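Here you get one chain, nothing else, as structure tokens; it is the form predicted alone.
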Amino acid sequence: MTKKKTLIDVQGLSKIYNFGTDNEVQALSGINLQIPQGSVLSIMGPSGCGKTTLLNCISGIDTPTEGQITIDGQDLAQMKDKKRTDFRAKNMGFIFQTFNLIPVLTALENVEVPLLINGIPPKRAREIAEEALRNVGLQDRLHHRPNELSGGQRQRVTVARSVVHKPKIIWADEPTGNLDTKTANEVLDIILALKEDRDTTVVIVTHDQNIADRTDHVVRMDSGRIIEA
């Protein structure tokens, strides 16, 4: 079997939060991590161990105190803010526990947003968004707003929005945390099926061992460090 190339390379990553004089919190300390292209990796550990901070730093949402993050050969730390934002918009999709849908937009309009940001013409964006929602089983909910959808349906909209522009990486922070077991497994089925279809790399922060058991690799953290990989 051909070894897959490393898509995400993290070296010496640390993050310190300063909350005033003599009040520092070391959220991450000396993280080294390599994630192969097309793999599904889960990050586990107790609350407050740094899982979400790690995801936010690697994805460019947050800035590390020190260390290097290279994605597809590009150093995130060396990018200007606009370039980093553009890089995320083109290459990354995000799935959050709290859905983060725009409440005044319909499901279809929410899914269109990444396409419009990336310069897809509105008519074509609508066609692609409709297909993405059909792929997650929401063809009959296109024009419903988030408050008219169940939790599981809202997370399906979030999944559709995260993959509609065919990103290289999907970051998922507790994507099934607000869902019952059956719906959680259905949502994960959709994520994994899309990964197989497009060779997308998926990084999932989760407390759920059942979710982790279905991923290719598991990283365990405690007190801002990786203790098992």
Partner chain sequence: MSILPALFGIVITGIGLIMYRSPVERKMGLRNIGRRWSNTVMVVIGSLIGASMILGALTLSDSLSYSFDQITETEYGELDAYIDVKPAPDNPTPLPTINDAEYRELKQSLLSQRQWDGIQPRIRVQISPYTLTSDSGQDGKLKSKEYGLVLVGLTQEAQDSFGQTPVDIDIPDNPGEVIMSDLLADALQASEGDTIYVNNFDGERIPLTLKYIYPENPSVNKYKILTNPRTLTQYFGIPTGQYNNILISVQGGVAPEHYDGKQVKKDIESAVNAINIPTVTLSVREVKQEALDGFGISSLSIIFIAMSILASITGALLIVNLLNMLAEERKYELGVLRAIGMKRWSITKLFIVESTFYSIVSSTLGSLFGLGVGYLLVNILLNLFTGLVESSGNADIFDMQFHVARTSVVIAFIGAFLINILTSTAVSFNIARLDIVNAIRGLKDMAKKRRTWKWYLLTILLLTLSFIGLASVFGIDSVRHHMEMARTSTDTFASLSDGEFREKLDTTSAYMMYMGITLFVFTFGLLLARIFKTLRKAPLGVRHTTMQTVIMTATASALLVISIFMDKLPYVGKALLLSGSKVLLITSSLIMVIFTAMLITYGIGVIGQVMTYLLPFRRLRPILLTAFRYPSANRTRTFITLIMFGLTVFMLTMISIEKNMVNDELGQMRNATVIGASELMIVPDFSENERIDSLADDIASIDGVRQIQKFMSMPAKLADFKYKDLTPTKQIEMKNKPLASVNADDLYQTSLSVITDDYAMQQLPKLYEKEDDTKSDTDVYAELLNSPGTVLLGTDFRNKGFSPDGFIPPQIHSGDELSVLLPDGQIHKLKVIGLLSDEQASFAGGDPFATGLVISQATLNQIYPGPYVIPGTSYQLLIDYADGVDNDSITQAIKQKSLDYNIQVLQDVSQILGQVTSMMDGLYKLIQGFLVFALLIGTSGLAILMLRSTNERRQQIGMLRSLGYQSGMILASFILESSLLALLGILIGGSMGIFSMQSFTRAANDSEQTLVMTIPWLALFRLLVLLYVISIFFSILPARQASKMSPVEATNYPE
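Positions refer to the first chain, counted from 1. Since we're looking at a predicted model, the values are computed, not measured.
One more form of this protein, predicted together with the partner chain, exists but is not displayed; see below.
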Task: R156, heavy atom within 4.5 angstroms of the partner chain in the predicted complex - done: no
Open item on the list: Since only the chain is shown here, I'm wondering whether N185 would be in contact with the partner chain in the predicted complex (any heavy atom pair within 4.5 Å).
Closed with: no
Open item on the list: Against the partner chain in the predicted complex, would Q78 count as a contact residue? Criterion: heavy atoms within 4.5 Å.
Closed with: no
- [ ] Give a yes/no on whether Q74 approaches the partner chain to within 4.5 Å in the predicted complex, heavy atoms considered.
- [x] no
- [ ] Check, residue by residue, if L41, T65 and I69 all come within 4.5 Å of the partner chain in the predicted complex, counting heavy atoms only.
- [x] no
Task: in the predicted complex: members of 68-101 within 4.5 Å of the partner chain, any heavy atom - done: D81, K82, T85, D86, R88, A89, F94, F96, Q97, T98, N100, L101
